[in-house]
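Next up: just one chain, as C-alpha coordinates, the form predicted alone.
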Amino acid sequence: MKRIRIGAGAGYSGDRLEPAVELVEKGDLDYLIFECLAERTIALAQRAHMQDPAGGYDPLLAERMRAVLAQCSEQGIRIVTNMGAANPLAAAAMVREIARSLGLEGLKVAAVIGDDVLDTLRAGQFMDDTGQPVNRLGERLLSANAYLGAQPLVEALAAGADVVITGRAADPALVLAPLIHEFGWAMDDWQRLGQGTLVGHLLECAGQITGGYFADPGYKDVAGLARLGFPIGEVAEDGSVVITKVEGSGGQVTAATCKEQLLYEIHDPRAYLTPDVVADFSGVRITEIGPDRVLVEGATGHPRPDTLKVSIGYIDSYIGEGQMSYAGPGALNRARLALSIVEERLKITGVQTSEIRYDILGVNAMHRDRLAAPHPEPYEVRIRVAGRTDSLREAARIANEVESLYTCGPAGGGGAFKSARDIVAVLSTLLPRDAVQASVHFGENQHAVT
(Lines give C-alpha, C1' and ligand atoms only; values in the text may rest on other atoms or scores of the structure.)
Protein backbone atom coordinates (compact mmCIF):
# COMPACT_ATOMS: atom_id res chain seq x y z
CA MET A 1 0.00 0.00 0.00
CA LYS A 2 1.37 3.42 -0.96
CA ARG A 3 2.37 5.68 1.93
CA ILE A 4 3.55 9.28 2.14
CA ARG A 5 5.24 11.18 4.97
CA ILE A 6 4.00 14.64 5.94
CA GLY A 7 5.78 16.78 8.52
CA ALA A 8 4.21 19.68 10.43
CA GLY A 9 6.75 22.51 10.55
CA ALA A 10 4.65 25.04 12.45
CA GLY A 11 1.49 25.07 14.53
CA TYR A 12 1.08 28.86 14.65
CA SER A 13 2.62 32.01 13.23
CA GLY A 14 5.31 32.49 15.88
CA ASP A 15 6.34 28.86 16.20
CA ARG A 16 9.96 27.69 16.47
CA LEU A 17 12.06 27.36 13.30
CA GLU A 18 14.50 24.58 14.29
CA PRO A 19 11.99 21.69 14.42
CA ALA A 20 11.04 22.32 10.80
CA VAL A 21 14.69 22.25 9.76
CA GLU A 22 15.11 19.00 11.70
CA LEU A 23 12.12 17.51 9.89
CA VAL A 24 13.63 18.40 6.52
CA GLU A 25 17.07 17.08 7.42
CA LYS A 26 16.03 13.84 9.14
CA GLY A 27 12.33 13.25 8.54
CA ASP A 28 12.47 11.63 5.07
CA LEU A 29 9.46 13.74 4.11
CA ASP A 30 7.35 13.99 0.99
CA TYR A 31 5.53 17.13 2.20
CA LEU A 32 6.16 19.84 4.77
CA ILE A 33 3.26 21.98 5.97
CA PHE A 34 3.32 25.24 7.91
CA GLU A 35 0.02 26.08 9.62
CA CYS A 36 0.29 29.70 10.68
CA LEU A 37 -3.17 31.32 10.68
CA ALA A 38 -5.63 31.87 13.50
CA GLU A 39 -8.80 33.96 13.41
CA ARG A 40 -7.21 37.10 14.84
CA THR A 41 -3.96 36.49 12.94
CA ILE A 42 -5.57 37.03 9.57
CA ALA A 43 -7.51 40.08 10.79
CA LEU A 44 -4.23 41.63 11.93
CA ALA A 45 -2.63 40.63 8.62
CA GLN A 46 -5.44 42.36 6.70
CA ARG A 47 -4.80 45.53 8.66
CA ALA A 48 -1.08 45.28 7.87
CA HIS A 49 -1.98 44.80 4.18
CA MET A 50 -4.12 47.95 4.22
CA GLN A 51 -1.20 49.91 5.65
CA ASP A 52 1.28 48.38 3.19
CA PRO A 53 -0.08 46.89 -0.08
CA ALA A 54 3.11 44.81 -0.41
CA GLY A 55 2.72 43.33 3.09
CA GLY A 56 0.13 41.31 4.96
CA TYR A 57 1.76 37.89 4.85
CA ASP A 58 3.35 35.96 7.71
CA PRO A 59 6.20 37.90 9.38
CA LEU A 60 8.39 34.78 9.52
CA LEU A 61 7.74 33.68 5.93
CA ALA A 62 11.14 34.73 4.58
CA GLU A 63 13.06 33.32 7.54
CA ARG A 64 11.28 29.98 7.33
CA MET A 65 11.80 29.69 3.60
CA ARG A 66 15.48 30.60 3.77
CA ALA A 67 15.85 27.86 6.40
CA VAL A 68 14.23 25.01 4.46
CA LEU A 69 13.71 25.89 0.80
CA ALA A 70 17.03 24.72 -0.64
CA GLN A 71 17.00 21.34 1.07
CA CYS A 72 13.30 20.81 0.30
CA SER A 73 14.04 21.48 -3.37
CA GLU A 74 17.00 19.11 -3.33
CA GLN A 75 14.99 16.30 -1.73
CA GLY A 76 11.75 16.91 -3.65
CA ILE A 77 9.81 17.87 -0.52
CA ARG A 78 6.78 19.95 -1.45
CA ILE A 79 5.68 22.74 0.89
CA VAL A 80 2.06 23.68 1.62
CA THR A 81 1.34 26.64 3.88
CA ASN A 82 -1.20 29.32 4.75
CA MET A 83 1.55 31.86 5.44
CA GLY A 84 0.11 33.96 2.61
CA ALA A 85 -2.38 35.30 5.20
CA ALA A 86 -3.87 38.49 3.69
CA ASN A 87 -1.55 38.59 0.67
CA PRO A 88 -0.69 35.19 -0.86
CA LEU A 89 0.41 36.79 -4.16
CA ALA A 90 3.05 38.93 -2.46
CA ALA A 91 4.08 35.98 -0.31
CA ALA A 92 4.58 33.82 -3.39
CA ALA A 93 6.61 36.58 -5.05
CA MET A 94 8.80 36.72 -1.94
CA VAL A 95 9.40 32.97 -2.07
CA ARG A 96 10.32 33.16 -5.77
CA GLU A 97 12.84 35.90 -4.94
CA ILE A 98 14.33 33.80 -2.16
CA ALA A 99 14.53 30.80 -4.52
CA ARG A 100 16.40 32.90 -7.10
CA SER A 101 18.79 34.16 -4.42
CA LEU A 102 19.51 30.52 -3.47
CA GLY A 103 20.08 29.54 -7.09
CA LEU A 104 16.98 27.33 -7.23
CA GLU A 105 16.04 27.65 -10.88
CA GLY A 106 12.66 26.39 -12.02
CA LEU A 107 11.03 26.17 -8.60
CA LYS A 108 7.25 26.45 -9.10
CA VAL A 109 5.50 28.57 -6.48
CA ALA A 110 1.70 28.80 -6.52
CA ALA A 111 -0.52 31.31 -4.73
CA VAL A 112 -4.12 30.38 -3.94
CA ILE A 113 -6.46 33.35 -3.54
CA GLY A 114 -10.20 33.93 -3.32
CA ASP A 115 -10.75 33.64 0.41
CA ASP A 116 -11.02 37.44 0.81
CA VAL A 117 -14.80 38.10 0.67
CA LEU A 118 -14.86 41.52 2.33
CA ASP A 119 -16.52 43.26 -0.64
CA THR A 120 -19.15 40.51 -0.85
CA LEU A 121 -20.06 40.95 2.80
CA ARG A 122 -20.17 44.73 2.53
CA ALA A 123 -22.51 44.51 -0.47
CA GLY A 124 -24.90 41.94 1.01
CA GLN A 125 -27.24 41.48 3.91
CA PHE A 126 -25.57 38.97 6.17
CA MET A 127 -25.99 38.21 9.86
CA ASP A 128 -23.06 37.36 12.13
CA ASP A 129 -23.04 34.60 14.72
CA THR A 130 -24.52 36.95 17.33
CA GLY A 131 -27.58 37.52 15.13
CA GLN A 132 -26.61 41.11 14.29
CA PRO A 133 -26.21 42.52 10.72
CA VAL A 134 -22.57 42.52 9.58
CA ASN A 135 -23.12 45.94 7.97
CA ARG A 136 -23.55 47.56 11.38
CA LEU A 137 -19.77 47.38 11.79
CA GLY A 138 -19.32 50.02 9.06
CA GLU A 139 -15.76 51.37 8.89
CA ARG A 140 -14.77 49.20 11.86
CA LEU A 141 -14.96 46.13 9.58
CA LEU A 142 -11.35 45.12 8.79
CA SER A 143 -11.51 41.74 7.09
CA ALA A 144 -13.70 38.86 5.97
CA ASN A 145 -12.07 35.61 4.89
CA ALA A 146 -13.85 32.44 3.87
CA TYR A 147 -12.37 29.09 4.87
CA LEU A 148 -11.31 27.47 1.59
CA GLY A 149 -11.15 23.70 1.29
CA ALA A 150 -8.53 21.44 -0.23
CA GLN A 151 -9.69 21.71 -3.88
CA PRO A 152 -7.58 24.72 -4.97
CA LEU A 153 -4.52 23.33 -3.21
CA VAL A 154 -4.99 20.01 -4.99
CA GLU A 155 -5.15 21.81 -8.33
CA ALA A 156 -1.97 23.72 -7.51
CA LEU A 157 -0.19 20.44 -6.72
CA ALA A 158 -1.57 18.82 -9.86
CA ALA A 159 -0.16 21.73 -11.86
CA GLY A 160 3.28 20.95 -10.49
CA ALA A 161 3.65 23.42 -7.62
CA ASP A 162 6.67 22.82 -5.40
CA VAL A 163 5.38 25.41 -2.94
CA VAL A 164 1.68 26.20 -2.40
CA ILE A 165 0.82 29.36 -0.47
CA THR A 166 -2.73 30.12 0.62
CA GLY A 167 -4.51 32.65 2.73
CA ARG A 168 -7.43 31.45 4.86
CA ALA A 169 -7.84 27.75 4.20
CA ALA A 170 -9.19 25.28 6.73
CA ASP A 171 -6.25 24.02 8.79
CA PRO A 172 -6.74 20.29 7.98
CA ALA A 173 -6.93 21.14 4.26
CA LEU A 174 -3.16 21.78 4.26
CA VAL A 175 -2.70 18.05 4.88
CA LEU A 176 -5.80 16.75 3.15
CA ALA A 177 -4.77 18.32 -0.18
CA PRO A 178 -1.52 16.30 -0.54
CA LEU A 179 -3.43 13.11 0.37
CA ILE A 180 -6.10 13.74 -2.28
CA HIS A 181 -3.40 14.55 -4.82
CA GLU A 182 -1.17 11.58 -4.04
CA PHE A 183 -3.86 8.92 -3.59
CA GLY A 184 -6.37 10.17 -6.17
CA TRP A 185 -9.25 10.32 -3.67
CA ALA A 186 -12.53 11.60 -5.08
CA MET A 187 -13.88 14.85 -3.67
CA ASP A 188 -17.02 13.00 -2.58
CA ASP A 189 -15.26 10.01 -1.00
CA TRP A 190 -16.54 11.10 2.40
CA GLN A 191 -14.98 8.20 4.31
CA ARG A 192 -11.44 8.91 3.10
CA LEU A 193 -11.92 12.68 3.30
CA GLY A 194 -13.04 12.23 6.90
CA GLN A 195 -9.96 10.13 7.69
CA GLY A 196 -7.70 12.59 5.84
CA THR A 197 -9.23 15.46 7.81
CA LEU A 198 -8.41 13.55 10.99
CA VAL A 199 -4.77 13.35 9.88
CA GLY A 200 -4.76 17.09 9.24
CA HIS A 201 -6.35 17.80 12.60
CA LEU A 202 -3.73 15.70 14.40
CA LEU A 203 -0.81 17.39 12.64
CA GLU A 204 -2.02 20.98 12.37
CA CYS A 205 -0.82 22.15 15.81
CA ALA A 206 2.67 20.70 15.35
CA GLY A 207 4.30 20.35 18.81
CA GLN A 208 1.02 19.93 20.66
CA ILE A 209 0.82 16.25 19.66
CA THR A 210 4.50 15.57 20.42
CA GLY A 211 4.08 16.54 24.07
CA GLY A 212 4.41 20.33 24.15
CA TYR A 213 0.95 21.48 25.18
CA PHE A 214 0.49 18.07 26.82
CA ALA A 215 3.22 18.57 29.46
CA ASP A 216 2.18 19.02 33.11
CA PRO A 217 5.08 18.35 35.56
CA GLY A 218 4.41 15.63 38.12
CA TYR A 219 1.27 14.57 36.33
CA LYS A 220 2.27 14.26 32.68
CA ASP A 221 6.06 14.57 32.51
CA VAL A 222 7.64 15.06 29.08
CA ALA A 223 11.40 15.00 28.48
CA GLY A 224 13.33 17.28 26.14
CA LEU A 225 10.81 20.09 25.70
CA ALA A 226 13.56 22.58 24.81
CA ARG A 227 14.31 20.39 21.79
CA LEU A 228 10.73 19.41 21.06
CA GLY A 229 10.43 17.44 17.84
CA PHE A 230 7.51 18.23 15.57
CA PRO A 231 5.25 15.44 14.25
CA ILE A 232 5.39 13.33 11.13
CA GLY A 233 2.35 11.55 9.73
CA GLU A 234 3.03 8.35 7.81
CA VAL A 235 -0.21 8.17 5.87
CA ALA A 236 -1.42 5.10 4.00
CA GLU A 237 -3.62 5.09 0.93
CA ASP A 238 -6.64 4.09 3.05
CA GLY A 239 -6.13 7.19 5.22
CA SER A 240 -4.81 5.43 8.30
CA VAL A 241 -1.84 7.22 9.82
CA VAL A 242 1.10 6.53 12.10
CA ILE A 243 2.02 9.62 14.10
CA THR A 244 5.72 9.75 14.93
CA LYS A 245 8.64 12.19 15.13
CA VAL A 246 12.34 12.33 14.31
CA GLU A 247 14.26 9.75 16.36
CA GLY A 248 16.24 11.42 19.16
CA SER A 249 14.26 14.67 19.15
CA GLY A 250 12.61 15.90 22.35
CA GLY A 251 9.05 15.25 23.40
CA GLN A 252 7.01 12.11 22.96
CA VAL A 253 4.26 10.59 20.84
CA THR A 254 1.90 8.39 22.84
CA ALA A 255 -1.73 7.35 22.76
CA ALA A 256 -2.38 10.03 25.38
CA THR A 257 -0.81 12.89 23.38
CA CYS A 258 -2.78 11.79 20.31
CA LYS A 259 -6.05 11.59 22.27
CA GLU A 260 -5.60 15.09 23.65
CA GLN A 261 -4.96 16.49 20.18
CA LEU A 262 -7.88 14.51 18.75
CA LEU A 263 -10.24 16.32 21.14
CA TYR A 264 -8.61 19.73 20.70
CA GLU A 265 -11.14 22.34 19.46
CA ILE A 266 -13.68 19.62 18.62
CA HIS A 267 -17.22 20.59 19.59
CA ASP A 268 -18.95 17.46 18.28
CA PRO A 269 -16.75 14.42 17.47
CA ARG A 270 -19.53 13.06 15.23
CA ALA A 271 -19.79 16.24 13.15
CA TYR A 272 -16.57 18.22 12.73
CA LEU A 273 -17.56 20.76 10.07
CA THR A 274 -14.96 21.59 7.42
CA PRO A 275 -15.24 22.92 3.84
CA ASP A 276 -14.41 19.45 2.48
CA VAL A 277 -16.39 17.06 4.63
CA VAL A 278 -18.37 16.73 7.84
CA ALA A 279 -15.86 14.51 9.60
CA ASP A 280 -16.93 11.88 12.13
CA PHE A 281 -14.27 11.00 14.70
CA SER A 282 -16.55 8.98 16.99
CA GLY A 283 -15.14 5.63 15.82
CA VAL A 284 -11.44 6.54 15.90
CA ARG A 285 -9.05 3.88 17.21
CA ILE A 286 -5.64 4.83 18.68
CA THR A 287 -2.97 2.17 19.17
CA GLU A 288 0.64 2.45 20.32
CA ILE A 289 2.66 0.23 17.96
CA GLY A 290 6.16 1.19 19.13
CA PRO A 291 8.20 3.90 20.84
CA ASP A 292 6.89 7.26 19.59
CA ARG A 293 4.72 5.50 17.01
CA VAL A 294 0.92 5.63 17.28
CA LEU A 295 -1.51 4.23 14.72
CA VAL A 296 -4.70 6.30 14.28
CA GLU A 297 -7.57 5.03 12.14
CA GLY A 298 -11.34 4.68 11.99
CA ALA A 299 -12.56 8.18 11.09
CA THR A 300 -15.26 8.60 8.49
CA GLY A 301 -17.33 11.44 7.10
CA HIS A 302 -20.54 12.77 5.60
CA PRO A 303 -21.28 15.17 2.72
CA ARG A 304 -19.73 18.60 3.08
CA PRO A 305 -21.78 21.65 4.22
CA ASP A 306 -23.48 23.85 1.62
CA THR A 307 -22.00 26.98 3.15
CA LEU A 308 -18.51 28.16 4.04
CA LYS A 309 -17.56 29.70 7.35
CA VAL A 310 -16.29 33.28 7.11
CA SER A 311 -14.09 34.82 9.79
CA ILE A 312 -14.77 38.54 10.24
CA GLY A 313 -12.19 40.85 11.81
CA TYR A 314 -13.20 44.25 13.17
CA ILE A 315 -12.09 46.99 15.55
CA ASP A 316 -14.19 46.39 18.63
CA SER A 317 -12.89 49.12 20.95
CA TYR A 318 -9.67 50.35 22.60
CA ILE A 319 -7.74 49.18 25.65
CA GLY A 320 -5.57 51.17 28.01
CA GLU A 321 -3.27 49.15 30.26
CA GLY A 322 -0.77 49.94 32.99
CA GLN A 323 1.35 47.71 35.24
CA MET A 324 3.61 48.28 38.27
CA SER A 325 5.54 45.94 40.60
CA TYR A 326 5.85 46.01 44.41
CA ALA A 327 8.22 43.81 46.42
CA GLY A 328 9.30 43.19 49.99
CA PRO A 329 7.40 43.33 53.31
CA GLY A 330 3.87 44.69 52.86
CA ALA A 331 4.00 44.37 49.07
CA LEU A 332 0.42 43.13 48.85
CA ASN A 333 -1.00 45.97 50.94
CA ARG A 334 0.94 48.53 48.89
CA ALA A 335 -0.41 46.97 45.70
CA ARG A 336 -3.96 47.16 47.03
CA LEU A 337 -3.43 50.81 47.96
CA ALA A 338 -2.04 51.51 44.48
CA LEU A 339 -5.12 50.05 42.82
CA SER A 340 -7.46 52.05 45.05
CA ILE A 341 -5.56 55.22 44.14
CA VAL A 342 -5.90 54.52 40.41
CA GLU A 343 -9.60 53.72 40.79
CA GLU A 344 -10.24 57.01 42.58
CA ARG A 345 -8.10 58.96 40.10
CA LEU A 346 -10.07 57.65 37.12
CA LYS A 347 -13.25 58.89 38.79
CA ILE A 348 -11.77 62.28 39.67
CA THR A 349 -10.45 62.86 36.14
CA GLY A 350 -13.59 61.52 34.47
CA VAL A 351 -12.00 58.80 32.31
CA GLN A 352 -14.76 57.07 30.32
CA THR A 353 -14.64 53.28 30.32
CA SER A 354 -17.14 50.59 29.43
CA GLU A 355 -15.23 47.86 31.30
CA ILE A 356 -12.29 47.96 33.68
CA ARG A 357 -10.22 45.45 35.68
CA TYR A 358 -8.00 45.97 38.72
CA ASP A 359 -5.78 42.91 39.10
CA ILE A 360 -2.92 41.83 41.34
CA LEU A 361 -1.07 39.27 39.25
CA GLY A 362 -0.50 36.03 41.15
CA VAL A 363 -3.23 36.86 43.68
CA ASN A 364 -6.55 37.45 41.97
CA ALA A 365 -5.98 38.10 38.25
CA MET A 366 -7.34 34.74 37.10
CA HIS A 367 -9.85 33.57 39.73
CA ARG A 368 -10.75 37.01 41.18
CA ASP A 369 -12.03 36.48 44.74
CA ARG A 370 -13.40 32.98 44.16
CA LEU A 371 -10.53 31.03 45.76
CA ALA A 372 -11.98 29.04 48.66
CA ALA A 373 -8.91 28.86 50.90
CA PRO A 374 -6.61 31.67 52.06
CA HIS A 375 -3.13 31.67 50.54
CA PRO A 376 0.26 32.88 51.84
CA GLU A 377 0.99 36.54 51.28
CA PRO A 378 3.43 36.84 48.37
CA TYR A 379 6.73 38.66 48.78
CA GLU A 380 6.37 40.34 45.40
CA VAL A 381 3.35 41.26 43.31
CA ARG A 382 2.48 43.19 40.17
CA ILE A 383 -0.65 45.28 39.66
CA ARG A 384 -2.45 45.54 36.35
CA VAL A 385 -5.17 48.01 35.42
CA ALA A 386 -6.86 47.49 32.05
CA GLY A 387 -9.88 49.36 30.72
CA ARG A 388 -11.99 49.23 27.57
CA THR A 389 -12.78 52.61 25.99
CA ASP A 390 -14.30 54.11 22.86
CA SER A 391 -11.23 56.13 21.93
CA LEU A 392 -7.44 55.78 21.94
CA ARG A 393 -7.16 59.03 23.94
CA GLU A 394 -9.23 57.68 26.82
CA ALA A 395 -7.25 54.45 26.75
CA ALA A 396 -3.98 56.37 27.09
CA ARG A 397 -5.32 58.21 30.17
CA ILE A 398 -5.79 54.90 32.01
CA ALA A 399 -2.22 53.84 31.27
CA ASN A 400 -0.83 57.20 32.38
CA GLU A 401 -2.58 57.00 35.76
CA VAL A 402 -0.74 53.76 36.55
CA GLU A 403 2.62 55.09 35.46
CA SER A 404 2.20 58.19 37.68
CA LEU A 405 2.23 55.89 40.72
CA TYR A 406 6.03 56.06 40.42
CA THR A 407 6.06 59.26 42.49
CA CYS A 408 2.42 59.75 43.50
CA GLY A 409 1.60 56.29 44.82
CA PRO A 410 2.77 53.85 47.51
CA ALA A 411 6.47 53.36 48.24
CA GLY A 412 8.64 51.10 46.21
CA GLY A 413 6.77 50.83 42.93
CA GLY A 414 8.89 49.93 39.90
CA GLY A 415 9.02 48.38 36.47
CA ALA A 416 6.13 50.37 35.05
CA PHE A 417 4.62 49.37 31.74
CA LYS A 418 1.88 51.14 29.82
CA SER A 419 0.14 50.80 26.48
CA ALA A 420 -2.92 52.01 24.59
CA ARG A 421 -4.14 50.24 21.47
CA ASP A 422 -7.20 49.16 19.53
CA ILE A 423 -8.82 45.77 20.09
CA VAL A 424 -9.24 43.62 16.98
CA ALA A 425 -12.03 41.13 17.59
CA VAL A 426 -13.51 38.37 15.43
CA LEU A 427 -16.99 37.19 14.50
CA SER A 428 -18.21 34.56 12.08
CA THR A 429 -20.86 34.24 9.41
CA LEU A 430 -21.72 31.79 6.62
CA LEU A 431 -21.65 32.27 2.84
CA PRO A 432 -23.06 30.05 0.07
CA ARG A 433 -20.28 28.16 -1.69
CA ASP A 434 -20.98 29.80 -5.03
CA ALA A 435 -20.25 33.22 -3.52
CA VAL A 436 -16.60 32.22 -3.07
CA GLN A 437 -14.37 31.68 -6.12
CA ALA A 438 -10.81 30.51 -5.57
CA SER A 439 -8.03 30.69 -8.16
CA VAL A 440 -4.45 29.46 -8.46
CA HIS A 441 -1.65 31.75 -9.63
CA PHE A 442 1.81 30.85 -10.92
CA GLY A 443 3.38 34.27 -11.41
CA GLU A 444 1.58 35.83 -14.34
CA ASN A 445 -0.45 32.69 -15.06
CA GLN A 446 -3.64 31.81 -13.26
CA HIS A 447 -6.69 29.60 -13.53
CA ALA A 448 -9.99 29.47 -11.69
CA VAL A 449 -10.67 26.47 -9.51
CA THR A 450 -13.36 24.12 -10.72
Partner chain sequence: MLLREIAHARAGDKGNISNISVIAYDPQDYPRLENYLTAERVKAHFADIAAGEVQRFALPALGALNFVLHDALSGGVTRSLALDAHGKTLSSAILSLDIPDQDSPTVLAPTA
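Residue numbers count along the first chain shown, from 1. Just so it is clear, the structure is predicted and the values come from calculations on it, not from any experiment.
Another form exists, predicted together with its partner chain; not displayed. Remarks below refer to it.
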Could you tell me if residue 384 has a non-hydrogen atom within 4.5 Å of its partner chain in the model of the complex?
yes
Taking heavy atoms and a 4.5 Å cut-off, does residue 114 contact its partner chain in the model of the complex?
no
I'd like to know whether residue 330 contacts its partner chain in the model of the complex, with contact meaning heavy atoms within 4.5 angstroms.
no
Does any part of residue 250 reach within 4.5 Å of its partner chain in the model of the complex? Heavy atoms only, please.
no
In the model of the complex, the residue from 426, 431, 24, 438 with a non-hydrogen atom within 4.5 Å of its partner chain is 426
From the list 337, 236, 361, 118, which entry has a heavy atom within 4.5 Å of its partner chain in the model of the complex?
361
Stretch in contact, per heavy atom within 4.5 angstroms of its partner chain in the model of the complex, of 339-347, 94-102, 353-361, 161-169:
353-361
Residue by residue through 211-246, tell me which have a non-hydrogen atom within 4.5 angstroms of its partner chain in the model of the complex.
212, 213, 214, 216, 217, 219, 220
